[in-house]
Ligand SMILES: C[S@@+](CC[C@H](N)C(=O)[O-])C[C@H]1O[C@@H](n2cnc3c(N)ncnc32)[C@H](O)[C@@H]1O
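Take a look at this one chain, the form predicted alone, written out in structure tokens.
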């Protein structure tokens, strides 16, 4: 994993404005996929690992939900934004939750910070009840659109005589393919029952791309396209052990 202190400081710095990201296209689409997956569930206990500023708590009754985050600032802001829900500082490697205590465990954009995600996945399984649900969101490792689109952006910058500024990667953001996630789940006793590709990058980041992504995201009939162009993969599992 990226150093815990580095990760904590990284998210502490983003905490005051992190909640605004839910309005941005990639995060809004990811939220929509998770919302679809939990719609038919009636969990009595929901554990949100890496809860950020708590946006996913809106999908659940306050009495059923607890969110943990490594960032004290994230916890402070989530408690301010959603005062009826419970949030605590917690380490995703040692989630402060009893064994087999969660009907539903959320893990939205957490495992990407691990070089080896297996111990973290085992921890998710530990806290989840038998036949309980685990939902994991991760950068899509099958995505093939990022490199050519970044190349196009670089070319446009050259033509406009302006400096190209690539994204500075100060902490890990490891991507995983659908095949990776299926195998990873099976290795710890999780059976994948659903998945969703979201936030497609078919064109440059503009309104046409956003409109296409709104229509094409999370449609299995379009996997031939979305698996290669989606930036985010959301996986739904059931615990079988």
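Nothing here was measured: the structure is a model prediction, and the numbers come from that model. Residue numbers count along the first chain shown, from 1.
In what follows, reference is made to the form predicted in complex with the ligand, a form of this protein that is not presented.
- Residue-level contacts in the predicted bound form: of 138, 121, 134, 92, one residue has a heavy atom within 4.5 Å of the ligand, and it is 92.
- Think of it this way: in the predicted bound form, the ligand has a heavy atom of just one of 70, 37, 29, 188 within 4.5 Å, and the residue is 70.
- Although the partner is absent here, residue 113 is a contact residue: one of its heavy atoms lies within 4.5 angstroms of the ligand in the predicted bound form.
- When contacts are judged by a 4.5 Å heavy atom cut-off, residue 102 does not count as touching the ligand in the predicted bound form.
- Using a 4.5 angstroms limit between non-hydrogen atoms, residue 51 touches the ligand in the predicted bound form.
- Using a 4.5 Å cutoff between non-hydrogen atoms, residue 109 counts as a contact of the ligand in the predicted bound form.
- Stretch-level contact check against the ligand in the predicted bound form with heavy atoms at 4.5 Å: of 174-182, 188-196, 52-60, 37-45, the positive one is 52-60.
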